Ligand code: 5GP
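One chain is shown next in structure tokens, namely the form predicted on its own.
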Amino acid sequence: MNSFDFAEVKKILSTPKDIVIFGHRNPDGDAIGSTLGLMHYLNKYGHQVKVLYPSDYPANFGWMKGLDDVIIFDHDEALAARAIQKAEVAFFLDFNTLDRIDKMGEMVSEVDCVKINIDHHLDPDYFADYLWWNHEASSTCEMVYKFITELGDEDKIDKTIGECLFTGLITDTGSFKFSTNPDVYRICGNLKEIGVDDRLIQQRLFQNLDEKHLRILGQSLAHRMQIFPEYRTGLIYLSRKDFDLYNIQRGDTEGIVNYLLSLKDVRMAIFVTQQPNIIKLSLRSKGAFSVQEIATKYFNGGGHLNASGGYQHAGLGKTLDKIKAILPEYKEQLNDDSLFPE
């Protein structure tokens, strides 16, 4: 974790300003929760705050307060550009390189404003004036909670902010199955004390599916799953035909990769989807095996030790062949029991 001058930032925020908060493309629960949670906090001080995402958010987050006011660049480039040009302060949450916000990264880099980056991913770019980075944090929502408390405003965290931050905590830890630390449970306890209903949030996120979601999961497990016992690896892929057949939209495949890790003999899980212009990969692992290394080295990506993502522009078939070709490189690690304590 690097140093961060909270006193300076507090002084910057001491008078109302035009502020933009960026979340990354294909925003997940942590990106949405951290940006909205920070927005609600800054609104308490009279700031004019706009949250911007490059692309739309998954439908199962639609209940979150403030989400209807988010500016989606893909939907309205002009509106996003105006908000960026007016900005006096820009926050960048849950990503560590400007290419995660596509064209908006170029726009904001040309604006003379204070830039603040809060993130928990590995290997950050140093593009901001203030960088608070901690790869040991469970989520950016954990860091936003601590950001508010470090500014002396823990009492400003109300139920609305708490619901946002709890959403990121629960989604980025896989319902507290990985990337946890003692502070995660302390924060969740504090959020419950102010009225956050964890059961209701779980229900809204994970028990609010359409029929097609189970059919997508069935297709994935019955017809698109491959297991490589010698490499302790499982793989699932979905093609463009699958996307068309099941009308798969943003967020519909969330969590499928984790089903592979439920197998006792699988130590690495890979989920591959054929998008219109790229092939996307989600990688997960158990123990001390780093999928972040694979994502960075081979698939233009990165992330965390046990959860990373990447992409490439080759076709689906070539991507699957590439995955199979690199597995032997990691055979020894994936079969090293010392990396996977039980």
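Position 1 is the first residue in the sequence shown; the rest follow in order. Owing to the predicted nature of the structure, the values given are computational and were not obtained by experimental measurement.
Keep in mind that the form predicted in complex with this ligand is not shown, yet the notes after this line are about it.
- Of the listed positions (302, 58, 287, 54), a single one reaches within 4.5 angstroms of this ligand by any non-hydrogen atom in the model of the complex, namely 302.
- Not displayed here, this ligand is approached by residue 311 to within 4.5 Å at the level of heavy atoms in the model of the complex.
- This ligand in the model of the complex comes within 4.5 Å of a heavy atom belonging to residue 280.
- Residue contact check for residue 213: none of its heavy atoms lie within 4.5 Å of this ligand in the model of the complex.
- This ligand in the model of the complex comes within 4.5 Å of a heavy atom belonging to residue 100.
- Figure note: of the listed segments 293-301, 58-66, 313-321, 32-40, the one touching this ligand in the model of the complex, with heavy atoms no more than 4.5 Å away, is 293-301.
- Looking at 105-144, the one residue that comes within 4.5 Å of this ligand in the model of the complex, counting any heavy atom, is 121.
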